[in-house]
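The data below hold one chain only, encoded as structure tokens and taken in the form predicted on its own.
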Amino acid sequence: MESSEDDGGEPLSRLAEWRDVTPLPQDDGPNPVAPIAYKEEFRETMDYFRAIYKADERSPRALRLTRRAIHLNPGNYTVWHFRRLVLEPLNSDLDEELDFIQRIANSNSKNYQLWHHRRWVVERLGTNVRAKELHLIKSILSLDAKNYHAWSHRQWVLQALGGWEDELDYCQQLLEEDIFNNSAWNQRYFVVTRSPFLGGLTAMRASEVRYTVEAILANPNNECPWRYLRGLYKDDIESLVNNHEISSVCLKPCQEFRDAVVALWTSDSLPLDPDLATAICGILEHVDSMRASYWIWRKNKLPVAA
């Protein structure tokens, strides 16, 4: 595709193939207040790029120029966009394009423009690259488990190209490695609710509740499974409230918390209120005297126990 582009970084003005092009300088207006001091290589490259962009030249040299410009600034959306316009009429090898993208991604893995371009290429290559894409994302996530771009691309690949069959097992593996990985919990919910092989949330709810309850009991202070549990009952809070299995797991840490509250109560003359929230406000009213009025107000705002 671009194997002939290696010019050793020679200035474009010295290359014969660019002699017919008049560079188009950046227009900063007649009196720029704070002009940017671009490096000479960047300035020259972008001057030539503006010229071919204006001429809408879709040629092999234009493709090579976009490559040079991307190396200098991988975040330039216009250059990526024009590269796509040039790739199609040239019938370029898109597998080679994926290799090019990956080399850029090695040092720019959170580049929005790069991931958008990759999706465009993968759309045209289709299911032939599905396994390669999923494996690539696994590699990225093994180094950065919270990479939003990688997760977003993975979800797109699953929806566009398939590969759902092993995804729940992959989520399980990630959570075994780190039960606090909120990205893995999010992906698990995505799979449970979107996979065409699992039957949807209603079919999976019972088994997912059991899994989540076990995770909560193992780490009650882990916010991830608590939020996941709420997600399992989205738009069906009544079922959540009436689920005995969930009620029992919620009461366990509450009882431990009540024990802690009782231990903090220092008054011998006043009994501790049986309502936990009211008791907490009562304690804070005494130990946090600067905000005593607030805690009195907060206590009065609590719903009256039935």
Partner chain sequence: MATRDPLDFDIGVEDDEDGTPSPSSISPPSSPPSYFDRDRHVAFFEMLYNLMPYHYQSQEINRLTLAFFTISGLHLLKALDRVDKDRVVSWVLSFQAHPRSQAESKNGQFYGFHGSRTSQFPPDENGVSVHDAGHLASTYCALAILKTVGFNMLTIDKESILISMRNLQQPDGSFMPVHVGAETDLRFVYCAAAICFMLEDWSGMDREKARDYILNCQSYDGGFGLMPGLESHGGGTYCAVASLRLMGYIEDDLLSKNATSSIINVSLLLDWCMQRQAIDGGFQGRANKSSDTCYAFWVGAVLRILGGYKFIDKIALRRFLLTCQSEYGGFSKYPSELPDLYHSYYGYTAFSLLEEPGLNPLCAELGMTDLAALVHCFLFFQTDQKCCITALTLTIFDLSTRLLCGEKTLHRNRSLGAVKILFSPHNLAISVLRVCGRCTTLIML
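Numbering follows the first chain given and starts at 1. Computed from a predicted model, the values in this text were never measured in an experiment. Rigid core: the largest C-alpha set superposing within 1.5 Å between the two forms.
The same protein has a further form, the form predicted together with the partner chain, not shown here; the description that follows concerns it.
Note on the interface: of 95-103, 73-81, 127-135, 167-175, the segment with non-hydrogen atoms within 4.5 angstroms of the partner chain in the model of the complex is 73-81. Within this chain, His149 lines the site of the partner chain in the model of the complex, having a heavy atom no more than 4.5 Å away. Remark: Lys54 counts among the residues lining the partner chain in the model of the complex, judged by a heavy atom distance of 4.5 Å or less. Not displayed here, the partner chain is kept clear of Ser13 by more than 4.5 Å at the level of heavy atoms in the model of the complex.
Contact check for Arg19: every heavy atom lies farther than 4.5 Å from the partner chain in the model of the complex.
Contacts between stretch 201-238 and the partner chain, counted in the model of the complex as any heavy atom lying within 4.5 Å, involve Asn222, Glu223, Cys224, Arg227, Tyr228, Arg230, Gly231, listed in sequence order. After superposition on the rigid core, displacement of the C-alpha of Gly29 between the shown form and the other one stays below 2 Å.
Fitting the two forms on the rigid core leaves the C-alpha of Ala69 displaced by under 2 angstroms between the shown form and the other one. Relative to the superposed core, Met46 undergoes a C-alpha shift smaller than 2 Å between the shown form and the other one.
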